[in-house]
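Next up: just one chain, as structure tokens, the form predicted on its own.
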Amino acid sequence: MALIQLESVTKAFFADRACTQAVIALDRVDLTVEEGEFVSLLGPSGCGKTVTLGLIAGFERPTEGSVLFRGRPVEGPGPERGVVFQEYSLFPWLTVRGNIAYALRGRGLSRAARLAAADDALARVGMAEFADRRPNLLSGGMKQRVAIARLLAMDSAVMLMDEPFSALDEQTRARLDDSLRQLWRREGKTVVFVTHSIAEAIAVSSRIVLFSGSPGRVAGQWRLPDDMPRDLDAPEARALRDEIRSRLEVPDL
């Protein structure tokens, strides 16, 4: 059984109270994610990538079809499906350690146990030395590392990531893409990652799912061998980029 299943999922948003004027965001999407995969949802703006992530997270419900997690319908958000947004969502009045410990409240852990879990998670993302800083003293890339550490501390089975590095400069983004891939391989987590960048999808993924333009449909999928070079200067990566571009002719990808 797949960890995540979308079965003939359609998602409509209605523009009027009578629900007579609908905008179809997703149209009969079938998608599975196996445990331990790093799946990138790739496509142009407005193709339904973020909507798909929201359905998996439980923020939205499908208009038609089913979204399943471990064979059970997704009926709302849950800690087993943690989300990292483009915005950092850190409390400015708490330290880095405090932000992570706060997310563990309600789990029956003592304060000492929460702080220890926070320190462990920060060490796993290379941020241990910044535990006592407040978010306003961190760079954008460091804030996203804290957000990822928060999911690790929560021990979420799935990390849902909505263009987490898109607001960062190109060099920082490339470094974090590489760090995230290394973290995924080390931790064995399942990652579903939204991006509109072919280069980024190639850099991080074990599988790429390409969405067509609105309404969103699955237009293609590619499995990337673990030993495949991820630098676009490599012939294999360049050929894959060109194949994806030819499948969906959108110049800003």
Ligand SMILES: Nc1ncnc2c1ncn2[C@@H]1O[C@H](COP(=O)(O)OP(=O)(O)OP(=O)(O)O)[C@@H](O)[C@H]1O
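Remember, it's a predicted structure, so these values are computed and weren't measured experimentally. Numbering starts at 1 and runs along the sequence shown.
What comes next is about the form predicted in complex with the ligand, which is not displayed.
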property	result
Contact at G58, R81 and F85 by the ligand in the predicted bound form, all three, heavy atom at most 4.5 Å	no
Contact residue in the predicted bound form, from G65, P44, G36, G220 (heavy atom within 4.5 Å of the ligand)	P44
Segment that reaches the ligand in the predicted bound form - one of 47-55, 182-190, 199-207, 66-74, heavy atoms within 4.5 Å	47-55
Non-hydrogen atom contact V23 with the ligand in the predicted bound form at 4.5 angstroms	yes
Interface membership of D119, the ligand in the predicted bound form, 4.5 Å heavy atom rule	no
In the predicted bound form, D177 touching the ligand (heavy atom, 4.5 Å)	no
